[in-house]
Structures are given as C-alpha cells and as structure tokens.
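Form predicted on its own, single chain, as structure tokens, below.
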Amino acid sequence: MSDILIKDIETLLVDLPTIRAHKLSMTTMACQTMVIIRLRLSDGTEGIGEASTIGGLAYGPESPEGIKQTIDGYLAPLLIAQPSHNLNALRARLDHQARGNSFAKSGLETALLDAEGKRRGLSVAELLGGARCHHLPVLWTLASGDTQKDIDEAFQRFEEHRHCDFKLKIGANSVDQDVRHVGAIKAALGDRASVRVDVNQAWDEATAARGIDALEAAGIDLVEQPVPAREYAGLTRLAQRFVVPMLADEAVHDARDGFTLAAGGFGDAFALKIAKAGGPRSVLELAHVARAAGVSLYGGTMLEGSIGTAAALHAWATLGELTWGTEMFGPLLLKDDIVVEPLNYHDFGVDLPSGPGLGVRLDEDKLNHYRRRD
C-alpha cells in the first residue's frame, strides 16, 4: 500500500450561475465559483475534491483564485510523491508547512479520501467509521430579498416535498425592516415549517439584543451568528439571555474554537462546515468536542456544488441525527451540475451517495464547458 504515491494534483476554477440572486448581509451572489481538485495516484486512481467559498473575499480570507494559487504553489508540492494512504501524516505535513488555508486543505483532504475509498472499494463514510443514516434532512435558504417572493418560494418547496425547514438571510437592512420581513414569512408559513435566521455577523451586541427579542416574539426557532465571529463573550451572553438558541457559525471553525466557546459558557449550537475545519476528518473532531460539551449540531454549507456537498454528507452521516438538520442545498441553488448523476433530493432531504469514495463522478463535458480559461 505504501508504494502508491501521489503523482500529480490539478486545480480548475469552475463558474456556475445560480437560479436566482442569493442575497446575504455581506454580498449578493449570482454565480458560484468552485475550485475543483483532481488528485491522481501512481496506480492510476483519481480522487476529486472541491473548495468553495461565498462571494470571493466577501465571506472570509480565502478566495477561489487564492485557493487555486495556494494549492498549486504551496500545498500540492508538499503532497507530490508522498504515500497516499496515510492521511494523518499528510495532514500533519500540510499543517506544519502551511498555516491556516482551511478551505484549500479541505478540498485536498476530500480528494485524498475519495481516492483512498476508490482504491479500497469503500465509501468516504466507511473510511470515516461508517454511516449511521443514509437520508439526511435539508432545509432551504430564502434569500431573494423580496418578502412575497420568499413566501411563494417556501410554499413551492414545501409542496414539492423538497424542504420543510427554512432559513432567512438577514442583516443587510435595518433591524426593523428585517424583523418585518421575517415576521411576515413566519406568519405565512405558521407551524407547518421551522423558520430560522442567519445574520452573518451583521449586528453588534446591542443591536442583536433588540433584534433577537423581536425575532423570538415572532416565533423564530434559531438565530445564526448575530454578532462578529470573534465576539465570543457577546455571543455567549446572547445565548444565555434568550430562550431562542444561538447558532455559532463564523465563530467556530475547528475543535479549538469549539472548546474555547464551550469552556466560556456557550452551550447552544455549532454549525459544522468541512471547509472551515479543513476537511471531513477535521470537522468530525469539532463535532466530537461539541457532543462532549452538550452543544447541538447543524450541518452547514459554503454553497458547495455536488462534490463538496457529497463530502460533507459523508461526514454528517457518521454522526447520526443532527439536532438542527443540515442545509446541504448547494447544488439546488445552481443552474447546472458538473457530475454525471446529481444528488438525489426527495422527501425533505437528500440521499447519501453510494459507491466507492464520494459516490459522484465528474461530467467531463460539463466540466470543460464551465471551467474558467487561463
């Protein structure tokens, strides 16, 4: 097994348009740019991975273009000619030589797991210890920016049995305007659906306290990252002040962040994202810290396409039931796909892909059509 070496690593920028404008507090997306990774082994096996972020540099410190350059210039040379099967050694090698860059590392870890799974005839979930579920719930994010459009979209998704839980992106407008928007959608949906909000760090603590008080009164079930990521104390105070739970997202990337928050008294919920943590193996370390501390879990997305979404689903499947479900709807937000068989969304959720590795294969024609030319 140790004779199988990593032969080469190729990265491609792929631009896929969205089905509608996706409005967040920091940007509005009309296209998702994915970094697709093709990792080839000396025995001919190819593993694929994806690294995606939101809105270029609007969301965080890694952009698609930067991720590609980081992998090509720094990370890939550290992996070439190394034995492919020892993921622990490869992760340690990357972490020792390159600080941060969790999105790039996540894409590489995904490709390594896909390749190893294909070689051994095992799914990524089996490599991670085994799946405890094979169909995972998926909510839908309402982010058109128009209240009536969001209501109509929610009812359509509900009637199609596609989604029964909804998240609203807020924070770009005034608190009063956001509360009216959310309240109208919750009133229209009533008890037939769970409604949550994501503020994406847009409020300070005082503004958050006023907004959350009104959102709680409107019947909202969960408030995601109302304050800036590093405002740990403020997020903890809000969690202790209100009945409606707070969901830490940008505040919690990896197991160290999770431990810091929990040790400081935060006990509500963590949003798991493979990109934030550095990969499927890495995000499970955070999940185990959370469960040891009694913090509930939510399977989050960076609006990845089918490859990145499949990688996350394999990780979430090993955890069994997640208290707040998942938001792995990324492929549904895109007008097209670059895999041969799209993920199977039905009955308010998505099936875990079957087969060796990730269980998805690249559509070479689609990849060639949407890839960015140098």
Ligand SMILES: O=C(O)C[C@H]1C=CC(=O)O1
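Computed from a predicted model, the values in this text were never measured in an experiment. Start at 1 and count along the sequence shown; that's the residue number.
Note that the form predicted together with the ligand isn't included here; everything after this is about it.
Exercise. Using heavy atoms and a 4.5 Å cut-off, decide whether H22, K169 and E327 all contact the ligand in the predicted bound form.
Key: Heavy-atom distance to the ligand in the predicted bound form: all three under 4.5 Å.
**Prompt:** Hey, of 170 to 178, 194 to 202, 87 to 95, 262 to 270, which bit sits against the ligand in the predicted bound form at 4.5 Å between non-hydrogen atoms?
**Reply:** Checking each option against the 4.5 Å cut-off leaves 194 to 202.
Here the chain is shown alone; which of L319, L41, V339, I54 has a heavy atom within 4.5 Å of the ligand in the predicted bound form? By the 4.5 Å criterion, the partner-contacting residue is I54.
Could you work out which of D249, D150, D257, D221 is the residue within 4.5 angstroms of the ligand in the predicted bound form, going by heavy atoms? Contact check passes for D249.
Discussion item. With the partner left out here, check for me: in the predicted bound form, does some heavy atom of S123 sit within 4.5 Å of the ligand?
Written reply: No - in the predicted bound form, heavy atoms of S123 and the ligand never come within 4.5 Å of each other.
Taking any heavy atom pair closer than or equal to 4.5 Å as contact, tell me whether L297 reaches the ligand in the predicted bound form. Although the ligand is absent here, L297 would stay clear of it in the predicted bound form, with no heavy atoms inside 4.5 Å.
Discussion item. Whether F348 contacts the ligand in the predicted bound form should be assessed with a 4.5 Å heavy atom distance threshold; does it?
Written reply: F348: no, not in contact with the ligand in the predicted bound form.
Quick one: does T301 come within 4.5 Å of the ligand in the predicted bound form, counting heavy atoms only? Heavy-atom contact with the ligand at 4.5 Å: present for T301.
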